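For reference, the chain that follows is the form predicted alone, supplied as structure tokens.
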């Protein structure tokens, strides 16, 4: 049985860990073994911090392996299915390639992670699918986003959240996840096939970087087209076609009708008009709790010093992941709401992320080298459906929108964002100036109590005080809050059955973040893949094999 040997010092890809593995296992230097790196990460708790690696080890002698496992040394155990299955070299059992019945043409709406990987899986199975996207290809999208960030010129259809790659294309490109199932391995290997750095297969906190994503997406698109999937940009969904209580296609904003199905809708967490179209067609949905807050930005060296205890040297920029669960206050009263950090971008920048005029939304982004001067993260506080202005499924979107409107007004227009020094927030006063920062559209000194509801402000204050005890300097004078971060996830969830179809509108498959079933690049890609596999498996049962 293979062994998992954890926390072996890692000094670089050229170093040979054989001696260290033999010592950990109590073996003589003459003992033969085979090993494979499965994960590496920095342990910032050690002083000095260092890289540690986990290895899968195979010995030639099964009896020796069994003897070691009877009383394993510290950090050694049997290598099992939960140990980074994404690194296995064999794809999970692929769906068969059915002979597609005439007239059965799946339609995928949205070219974010969920839509792209649904289209890829359908293409690999031989489906004559069509993928439509309201925005432009990533090459065109890059120029539109630069115009927005530099000159406040917003394109309503091709922007930071709409277009090839979805919202994740202009973010840090984080792809770390606790999931270790076979479909995840398929996604990671495809990313490497299309140009991702192979080190994502071994890094514990893997990320792509916005620059790498821009290089990966054209390769992924070319493969999808090569497989026979039609890809159409600047094709915005206006409504769903419904006949006999079933979704049978889509109508585009140009009036053109595309008939086919099932229809996979994977339009992300900001396509509010698509939610309206789905609800109008008969898809059922319910309200969902979300989290809202602000981006907190510090000089990266502040985070490095706090996490590593010294300048980082050759180590990667330090990161963090923090949570706050306040207790009830002394003398009675409700506790502040729970909060956590989200989408931490070491060596990154804060960017505008709105797709609506007259609204301010911020997000974080970094390039693959994470070389910017700043570190930023969302600090977000829980929002309950009871906070929403109504009981209908779109009430949460209206709650988000009102905060975004107030932020635009507080910023003074042209997508300037309201900002407040962390020290001023804790002191209960608005800011009259802000430190140098990364937000290119401009930060206007403000009091965030004019932007965020009181429960969110109270949650932010409690969380920041708590986080400052874990990361000294978190609440220091160099910290800046830039608001608002409202689009962490969708405020509604569309119902679906075991086949991932809408029970109230068969033929419609709501997937990904916009449907309320994902929370990042990888989870959205997984959900899109599962929708495609559901279609393929059903047709495979009905059609003769090719």
Ligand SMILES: Cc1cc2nc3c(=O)[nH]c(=O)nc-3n(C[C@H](O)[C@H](O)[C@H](O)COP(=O)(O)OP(=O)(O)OC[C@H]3O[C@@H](n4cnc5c(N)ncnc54)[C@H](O)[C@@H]3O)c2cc1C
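Numbering follows the first chain given and starts at 1. None of the values given here were measured: they were computed from a predicted structure.
The following text describes the form predicted in complex with the named molecule, which does not appear among the structures shown.
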{"item": "Interface residue in the model of the complex among 217, 130, 161, 241, criterion: non-hydrogen atom within 4.5 angstroms of the named molecule", "value": "161"}
{"item": "In the model of the complex, the one of 274, 184, 196, 336 near the named molecule [non-hydrogen atom within 4.5 angstroms]", "value": "274"}
{"item": "Contact test in the model of the complex: residue 168 vs the named molecule, heavy atoms, 4.5 Å", "value": "yes"}
{"item": "The named molecule contact at residue 267 in the model of the complex, heavy atom, 4.5 Å", "value": "yes"}
{"item": "Contact test in the model of the complex: residue 520 vs the named molecule, heavy atoms, 4.5 Å", "value": "yes"}
{"item": "4.5 Å heavy atom contact, residue 532 to the named molecule in the model of the complex", "value": "no"}
{"item": "Stretch in contact in the model of the complex with the named molecule, which is absent here, among 303-311, 429-437, 231-239, 381-389 (heavy atoms within 4.5 Å)", "value": "231-239"}
{"item": "In the model of the complex, residues of 359-376 near the named molecule [heavy atom within 4.5 Å]", "value": "363, 364"}
